[in-house]
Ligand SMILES: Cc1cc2nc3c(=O)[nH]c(=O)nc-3n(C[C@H](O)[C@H](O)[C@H](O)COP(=O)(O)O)c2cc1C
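Here's a solo chain for you in structure tokens, the form predicted on its own.
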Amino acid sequence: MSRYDALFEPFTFKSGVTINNRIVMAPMTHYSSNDDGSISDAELRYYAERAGSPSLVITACANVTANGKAFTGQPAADRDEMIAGMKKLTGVIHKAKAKAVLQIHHGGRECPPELVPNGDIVSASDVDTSTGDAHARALTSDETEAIVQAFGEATRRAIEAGFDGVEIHGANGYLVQQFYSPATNRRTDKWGGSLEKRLAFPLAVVDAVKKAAAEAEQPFLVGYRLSPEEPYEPGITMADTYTLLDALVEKDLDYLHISMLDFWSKARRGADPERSRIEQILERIGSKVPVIGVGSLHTADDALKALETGVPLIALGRELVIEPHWAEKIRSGKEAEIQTALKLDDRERLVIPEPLWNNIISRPGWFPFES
């Protein structure tokens, strides 16, 4: 018996999907799909190297419409031609005995103009983007409805490609969050204005995805990732997050995934600033829907301490890039051998695609490096 046994207990979601441990691969951008959004060989090798550790692999975010592409090398789920490559990806993940979840996404104002048709960046409202001097155009109500339906269509494609579920990307300042944030939603129609109306788009996306998921012949899970706060005013506070959480609980989702750089980060506004966000979120909704926690967890002891908060599932992002065989080392009693920082000559040994490696190198502080 190991002190880490709690990390390897099975877990069954409401949908009936069962996973064999409590470790999730977080949906981290890898910049490595083909230019047309199809799955690349480098991408397949990257996931194949890592899929043996987590019991649930959440892919890098896939754009649901052509004007939702936010990254060079982003996978696409916006047209049926992508299904063949997506099937290769689910095959690689399933071969490692893990479940595969497709994260579905629209970048909104975060999309660089060179990546979207005619440079036409769209968002909830007419606001400056964070990609330089570009400006986002407010979506019409009909266009907004079309994007809602696109999330449903992406879910259908995920089912056809053999995925075990989808995760709605409602975090990190992308379109779903843009509709909920008072900083980026200044609409006066049914899609914005009051706090209740700012909920309309996220909840409509959930409904469209759930409707598509109901057509799956096998158990198929639906999760939702959210950022619990925005650092600026006006912006989403913890109080706003509680309102969103309460509404999402009513949608009977399989899980809520709380996106944070640091699992233990404390609240800023709208909650107790002396306590961690994750613990306060668990108090609010933890008995109603499973919560996935994430953020700067590297060692087996880090994960175990996080699990002791009551969060049932732990996601690893950067750590699974650094240590692809994280769980296997713990299972075999070699947790002391887990690598927690990159070395400059690690790329090929760790099967890190060159575009991801170049992004890591060009962004000091994103990943820890051995000095």
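Sequential numbering from 1, following the sequence displayed. Bear in mind the structure is a predicted one, so any value in this text is a computation, not a measurement.
Not pictured, yet referred to below: the form predicted together with this ligand.
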Tell me, out of 280, 144, 259, 129, which residue has a non-hydrogen atom within 4.5 angstroms of this ligand in the predicted complex.
259
Please identify the residue among 51, 330, 70, 316 with any heavy atom within 4.5 Å of this ligand in the predicted complex.
316
Residue stretch of 303 to 311, 330 to 338, 58 to 66, 32 to 40 approaching this ligand in the predicted complex, non-hydrogen atom distance within 4.5 Å:
58 to 66
Is there any non-hydrogen atom of residue 173 lying within 4.5 Å of this ligand in the predicted complex?
no
If you check in the predicted complex, is residue 225 within 4.5 Å of this ligand, heavy atoms only?
yes
Is residue 294 close enough to this ligand in the predicted complex to count, meaning some heavy atom within 4.5 Å?
yes
Distance check, residue 8 to this ligand in the predicted complex, heavy atom within 4.5 Å:
no
Within 4.5 Å of this ligand in the predicted complex, counting any non-hydrogen atom, which residues from 21 to 37 show up?
26, 27, 28, 29
